[in-house]
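Take a look at this single chain, the form predicted on its own, given in structure tokens.
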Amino acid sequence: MTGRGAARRVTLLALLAVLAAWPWLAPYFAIFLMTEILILGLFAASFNLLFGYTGLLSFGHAAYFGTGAYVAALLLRDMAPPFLAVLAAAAVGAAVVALVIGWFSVRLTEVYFAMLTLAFGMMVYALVHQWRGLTGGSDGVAGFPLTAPLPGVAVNIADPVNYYYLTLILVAVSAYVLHRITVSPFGLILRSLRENSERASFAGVPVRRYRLAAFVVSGLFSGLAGALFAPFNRIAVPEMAHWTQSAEPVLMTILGGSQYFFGPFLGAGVFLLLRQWITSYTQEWMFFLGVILAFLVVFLPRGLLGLFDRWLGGRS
């Protein structure tokens, strides 16, 4: 292992230690904030499997985030199965929606792909907003209990600290799986599609099949993030499937650095901290947040991790 690789591993272990001790180190509100950062960081990392590794910009990823949120909320309200079973069902449900949408979308590239994913995303939003009999319309789905993670496990996951630890474990495992995917032969092929899909096609790579596989995997983990977010907010609402929700992982990924696996997680943390800081001073937080983010995107095209990498003598 190189010195640089060892430093990264030590940094990661130190970060995990801080996250594990977070409820003892931070005030109560910070536990809620860190839980949200972890969930939206997973959402952004799922999106980056398409954007940073496959070269496809999706403007409709809230469709899978919202699907996961609604499946989880409805199952918890109407059936109350073990929580991990709910999360698994929500992730699979989001993957199925991603499979259907992706089958049409991966036939296009660049701006056409982005616009088609946006169109499908707004269809999903319209569906959950209008189908009042199932989704509750604009009122959403609420009033669901938070059951134990596994049958016979006496853990109150309605407690914010317990839910934080459950989220931390699930996000850490998901991040590990996503990272293994990115460094696997499958991930290397995705990078080749990002660099030159025509050359990969000439080499015999079934481009659409690999893009669709990446789309489904991305949708699955986005659905898992949504399934964690609905119980965190104690409600699933149509705004979770709106195009504005789709914009958040895009901003987070660009802010943190799409060329780096942990860039979306860093971007999620910075994005939410900036939003929280600005809203404490003014109600016009969207304007000031937009100015700050525009400045960072223009002057840090490789994101914050790209800046740190240059400081540490990494890639130029």
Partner chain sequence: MSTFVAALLNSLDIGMLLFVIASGLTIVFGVLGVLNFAHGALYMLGAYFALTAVRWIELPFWAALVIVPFAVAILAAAVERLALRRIYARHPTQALLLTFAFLLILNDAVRMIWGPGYQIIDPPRALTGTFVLAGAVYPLYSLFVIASGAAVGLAVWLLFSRTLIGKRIRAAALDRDMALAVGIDVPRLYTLVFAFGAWLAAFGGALAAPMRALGPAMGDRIIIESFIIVVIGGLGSFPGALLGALILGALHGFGGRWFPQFDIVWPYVGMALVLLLRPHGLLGRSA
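These numbers were taken from a predicted model, which means no experiment stands behind them. Residue numbers count along the first chain shown, from 1.
Omitted from view is the form predicted together with its partner chain, to which the following refers.
Using a 4.5 Å cutoff between non-hydrogen atoms, Tyr165 does not count as a contact of its partner chain in the predicted complex.
Although the partner is absent here, Leu49 sits far enough away that none of its heavy atoms falls within 4.5 Å of its partner chain in the predicted complex. Shown alone here, Leu150 lies farther than 4.5 Å from its partner chain in the predicted complex, counting heavy atoms only. Using a 4.5 angstroms threshold between heavy atoms, Tyr125 counts as touching its partner chain in the predicted complex. Using a 4.5 Å cut-off on any heavy atom, the residues of 230 to 262 that reach its partner chain in the predicted complex are, in sequence order, Trp243, Ala247, Val250, Leu251, Ile254.
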